[in-house]
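The chain that follows stands alone, in the form predicted alone, written as structure tokens.
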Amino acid sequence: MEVRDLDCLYEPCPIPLIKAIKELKTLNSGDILVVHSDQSCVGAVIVEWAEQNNYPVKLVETNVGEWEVYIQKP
């Protein structure tokens, strides 16, 4: 299982979601993508997309105003 980080700090919606979808295509089943963001809407948008597309997802606030979104490729 691979864990890959995607730095999307300072990037507004929907750029992190677009980058995450592109990056997930390069991962194998079971791999995890960690999207780093400082935009609260990014977490909400990615979680909604992941749930709609049956990707296990978890949103964690790591610092005040910074989040990590963990997306596992099914």
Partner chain sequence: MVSNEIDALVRKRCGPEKVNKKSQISYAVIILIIASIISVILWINNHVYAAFWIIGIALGMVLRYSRFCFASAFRDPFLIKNTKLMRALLLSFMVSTIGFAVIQNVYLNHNAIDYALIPGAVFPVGLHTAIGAFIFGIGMTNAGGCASGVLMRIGEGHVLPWITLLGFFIGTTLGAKDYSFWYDKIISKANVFYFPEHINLGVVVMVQMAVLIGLYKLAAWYQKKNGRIEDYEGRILWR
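These numbers were taken from a predicted model, which means no experiment stands behind them. Numbering follows the first chain given and starts at 1.
Keep in mind that the form predicted together with its partner chain is missing from the display, and what follows is about it.
Its partner chain is not drawn, but in the predicted complex it has no heavy atom within 4.5 Å of Leu27. Looking at Lys58, you'd find a heavy atom of it within 4.5 angstroms of its partner chain in the predicted complex.
When its partner chain is considered in the predicted complex, Asp7 lies well away from it, no heavy atom lying within 4.5 Å.
At the 4.5 Å threshold, heavy atoms of Ala20 stay clear of its partner chain in the predicted complex, well away from it. Looking at 43 to 61, the residues that come within 4.5 Å of its partner chain in the predicted complex, counting any heavy atom, are Ala44, Val45, Glu48, Trp49, Glu51, Gln52, Asn54, Tyr55, Pro56, Val57, Lys58, Val60, Glu61.
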